[in-house]
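In the block that follows, a single chain appears as structure tokens, in the form predicted alone.
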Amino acid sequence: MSKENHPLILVKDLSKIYDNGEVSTPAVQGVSFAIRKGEFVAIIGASGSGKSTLLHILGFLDKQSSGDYFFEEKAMTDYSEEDLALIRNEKMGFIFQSFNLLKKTTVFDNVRLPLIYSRIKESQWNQLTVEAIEKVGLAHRQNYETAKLSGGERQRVAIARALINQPQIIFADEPTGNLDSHSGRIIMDIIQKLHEDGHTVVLITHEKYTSEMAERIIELKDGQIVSDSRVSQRRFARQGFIK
């Protein structure tokens, strides 16, 4: 098998159990799957199905209780803590439902923030920041404080920040969950365009309609995979917003 055909992510019999000393609660139970570079995969399930826990493990924000997780053919357990931090910052971009922005800071400074912890030359920071902001259509807002933006605009800032280090993979955890339907479609339009530009995308959602904007859907129930299938009739947000 050529290197190009190896999965970017490979999960084997992965489980996560939360133990408070008295009660053990399984959040993810024995899941196995692969995600190849350039795929757009939606992980769907009801609240409490384990989808966000799974995303946190895939994004090196948490560790499994058992099973194996390989990123770029290397086991998660073989990476040092420093390696994990570097990969999170340089190869992974994160978009969360709650935006996680600094409210009294400008759009420009919010987007530029991850570069402070990167190995990219400081002389390139401003150009990269401007380019990321332009990709989400907010050039006219770059000097605004994020607290003064609408929810949809704040999520676009979060996407620009996720793009700033030109990551291989983007993890989006319920990115439209706090938005009205129109703003949600703009966000999905942007995410679909990022996938078309070559990014691997893993989308967490509880909405079937939104999940069908991906190419493939993995459905979780009670921490287990109940289906893993290609989307036969893929939906497109297409607001005409991102060219």
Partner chain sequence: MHIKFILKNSLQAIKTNKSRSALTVLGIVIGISSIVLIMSIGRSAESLILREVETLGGAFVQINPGKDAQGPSSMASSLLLDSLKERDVEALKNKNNVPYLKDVTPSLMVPASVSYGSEIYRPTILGWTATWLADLYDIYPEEGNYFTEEDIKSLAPLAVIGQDVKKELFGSANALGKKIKIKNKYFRIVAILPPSGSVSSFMNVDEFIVIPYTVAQKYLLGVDHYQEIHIIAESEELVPQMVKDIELTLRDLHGIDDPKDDDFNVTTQGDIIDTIKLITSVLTVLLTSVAAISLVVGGVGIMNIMLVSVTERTREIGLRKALGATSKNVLHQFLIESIILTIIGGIIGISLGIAFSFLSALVLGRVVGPNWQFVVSIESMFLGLGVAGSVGLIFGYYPARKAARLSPIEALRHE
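Numbering follows the first chain given and starts at 1. Note that the coordinates shown come from a computational prediction; the quantities given were computed from them, not determined experimentally.
Beyond what is shown, the protein has a form predicted in complex with its partner chain; the following relates to that form.
Shown alone, this chain has one stretch from 207 to 215, 34 to 42, 185 to 193, 61 to 69 that lies within 4.5 Å of its partner chain in the model of the complex by heavy atoms: 61 to 69.
By the criterion of a heavy atom within 4.5 Å, residue 156 is excluded from the residues contacting its partner chain in the model of the complex. For residue 102, a non-hydrogen atom is located within 4.5 Å of its partner chain in the model of the complex, even though that partner is not displayed. In the model of the complex, its partner chain sits within 4.5 Å of a heavy atom of residue 98. Contact annotation for residue 134: none of its heavy atoms lies within 4.5 Å of its partner chain in the model of the complex. The contact with its partner chain in the model of the complex, taken as any heavy atom within 4.5 Å, belongs to 89 out of 89, 168, 142, 146.
In the model of the complex, its partner chain lies within 4.5 angstroms of a heavy atom of only one residue of 43 to 60, namely 56.
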